[in-house]
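Shown next as structure tokens: one chain only, the form predicted on its own.
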């Protein structure tokens, strides 16, 4: 199975909402590795959009999201804001008739996700979650290994994502939907979902910070005949590897499993081989998926359909319920 090159996707014009680090990475991917271009960037922080445009050398700076989605040159909008503020900018772009790519985690909770998806379907615009891992060459090749039956029936999935983020102030702020789960834990959860689908049962334990966000979460998902063991933390840089074990072998995905990397297939018969999926950046593959979908007249991705995004959001809501993670804007007012 061969992943199409991002450069082969049709050219579209992007507007970006938010001007942080992940927006910079997307802008570089679009400008350097696709036929598309960044034509507009919006930030509510004075001067930030101007600095962004000067840094990446592309786009017009705007001081509001409304100006970006109103720009007639913008075909698609990438929402790169904090987790608490994904759904409203996405709804703004959808109402303006723009196609939308929303950074993972897709929204803060399932209710917000359902709202955004319903609006996009009613408007007939393209909508996708920016889970970039799903579209990378090594993930495409990994799925093919499983489909060919090289490791037999999948019995267990292990994935871990930990980063030392003590210096990242937004991660500790509950009003920004900070914490490990939405920022980091979504990767192992989405990985397990990609391989095994929706679990029958979810068991989660977590540790909370005194600010009210989750510091560390361990999860076990049960499936018919299989289990997934997942972990995330924002207190330490962990191995960030993944293993898929089957009845006839296993796939070991190297650090960092969710980014462009290598994996090795090790069969019980003693044979093994390695796939090298290391490439620059990587965000260009999800940008190309959007461009191809729009050109083909689709309204969602065939690789990551919106119903799968909803399934992942429901799993994360269940994990949050079990560890007691509630954000301020979700609390009911006192009677």
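The structure displayed is predicted, hence computed values, not measured ones. Positions refer to the first chain, counted from 1.
Separately, the form predicted together with a small molecule exists; it is not shown, and the next lines address it.
Residues of just one listed stretch (110 to 118, 241 to 249, 80 to 88, 211 to 219) have heavy atoms within 4.5 Å of the small molecule in the predicted bound form: 80 to 88. Within 4.5 Å of some heavy atom of the small molecule in the predicted bound form lies at least one heavy atom of residue 187.
Interface membership of residue 271, defined by any non-hydrogen atom within 4.5 Å of the small molecule in the predicted bound form, is ruled out. The closest heavy atom approach of residue 22 to the small molecule in the predicted bound form falls within 4.5 Å. Proximity of residue 32 to the small molecule in the predicted bound form: non-hydrogen atoms within 4.5 Å are absent; the residue sits far from the partner. Note on contacts: among 231, 123, 143, 173, the single residue with a heavy atom within 4.5 Å of the small molecule in the predicted bound form is 173. When you look in the predicted bound form, the only residue of 292, 60, 266, 44 with a non-hydrogen atom within 4.5 Å of the small molecule is 44. Remark: none of the three candidate residues (135, 194 and 260) comes within 4.5 Å of the small molecule in the predicted bound form, counting heavy atoms only.
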